[in-house]
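Given as structure tokens, the chain that follows is alone and in the form predicted alone.
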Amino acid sequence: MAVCIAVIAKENYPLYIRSTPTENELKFHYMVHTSLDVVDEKISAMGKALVDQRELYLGLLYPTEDYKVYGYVTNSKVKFVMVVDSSNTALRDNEIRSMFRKLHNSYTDVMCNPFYNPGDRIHPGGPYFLCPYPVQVGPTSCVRSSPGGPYSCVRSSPAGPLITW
């Protein structure tokens, strides 16, 4: 499957980059960074057609010997870049699209979280990261009943709970 996933802000700085294996992390950061030029070229080539269409999938940005780099852009110009191992020949284009749609839905959930400040880096395990496990951040405790489900959050003080949502 994917060996690196990146979420890049409108201004081309990384909001989230995660790669496996970690010993090649710098290599994947470089691949993601160089793919931004190809993303910008594809967006400018599509121009108004991209706005009129609902399809935001950019397809294969470029292949290397070992990896293939795919791209996706949101309506707000946030870019998703996915690096996939080239040896995985069973992975089809519609499966890559599906992974990008799921990633986009997860990103939307992060943006809708009241604890997230737009433009901040997305940290795994942070209070605004999509995690099915309980999260404790200072006086605020958040729990998701199911992955992708709504947060149940309690902000407490020494006097007791203040807000529950």
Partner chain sequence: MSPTQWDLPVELCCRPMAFVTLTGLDVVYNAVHRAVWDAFCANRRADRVPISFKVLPGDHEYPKCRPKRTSYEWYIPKGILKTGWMNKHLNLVPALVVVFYELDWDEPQWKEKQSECATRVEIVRQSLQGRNTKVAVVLIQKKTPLPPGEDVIASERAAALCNACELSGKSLFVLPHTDHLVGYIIRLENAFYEHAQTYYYTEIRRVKSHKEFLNKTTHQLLFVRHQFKIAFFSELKQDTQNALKNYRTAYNLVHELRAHETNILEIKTMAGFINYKICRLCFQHNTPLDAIAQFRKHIDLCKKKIGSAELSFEHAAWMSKQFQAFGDLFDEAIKLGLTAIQTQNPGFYYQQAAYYAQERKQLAKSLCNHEASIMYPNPDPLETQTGVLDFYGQRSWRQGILSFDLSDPEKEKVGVLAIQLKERNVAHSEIIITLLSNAVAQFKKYKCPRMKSHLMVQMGEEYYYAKDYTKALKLLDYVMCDYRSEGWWTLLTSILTTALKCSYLMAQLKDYITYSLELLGRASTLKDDQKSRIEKNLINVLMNESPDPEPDCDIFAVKTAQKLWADRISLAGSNIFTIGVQDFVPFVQCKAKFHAPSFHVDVPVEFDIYLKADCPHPIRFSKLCVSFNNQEYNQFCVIEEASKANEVLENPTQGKMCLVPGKTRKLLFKFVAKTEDVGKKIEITSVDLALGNETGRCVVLNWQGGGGDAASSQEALQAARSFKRRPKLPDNEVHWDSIIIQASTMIISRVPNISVHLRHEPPALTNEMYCLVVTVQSHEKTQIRDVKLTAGLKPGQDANLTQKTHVTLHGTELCDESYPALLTDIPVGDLHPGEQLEKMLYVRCGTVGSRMFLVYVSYLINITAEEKEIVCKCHKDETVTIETVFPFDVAVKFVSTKFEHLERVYADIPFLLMTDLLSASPWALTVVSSELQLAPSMTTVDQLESQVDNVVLQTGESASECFCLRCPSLGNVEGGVATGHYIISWKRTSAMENIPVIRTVITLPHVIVENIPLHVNADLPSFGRVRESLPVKYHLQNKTDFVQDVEISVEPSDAFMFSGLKQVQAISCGVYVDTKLRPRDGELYLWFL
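Since the structure is predicted, the reported quantities are computational estimates derived from the model, not experimental observations. Positions refer to the first chain, counted from 1.
Although it is not shown, the form predicted together with the partner chain is what the next lines describe.
Although the partner is absent from the chain shown here, 8, 61 and 117 each have a heavy atom within 4.5 Å of the partner chain in the predicted bound form.
Taking the partner from elsewhere, residue 55 is found to have every heavy atom lying beyond 4.5 Å of the partner chain in the predicted bound form. Residue contact check for residue 45: none of its heavy atoms lie within 4.5 Å of the partner chain in the predicted bound form. In the predicted bound form, no heavy atom of residue 68 sits within 4.5 Å of the partner chain. For the chain shown alone, residue 103 is not a contact residue for the partner chain in the predicted bound form, no non-hydrogen atom being within 4.5 angstroms. Along 23 to 44, these residues reach a heavy atom to within 4.5 Å of the partner chain in the predicted bound form: 26, 29, 30, 32, 33, 34, 36, 37, 38, 40, 41.
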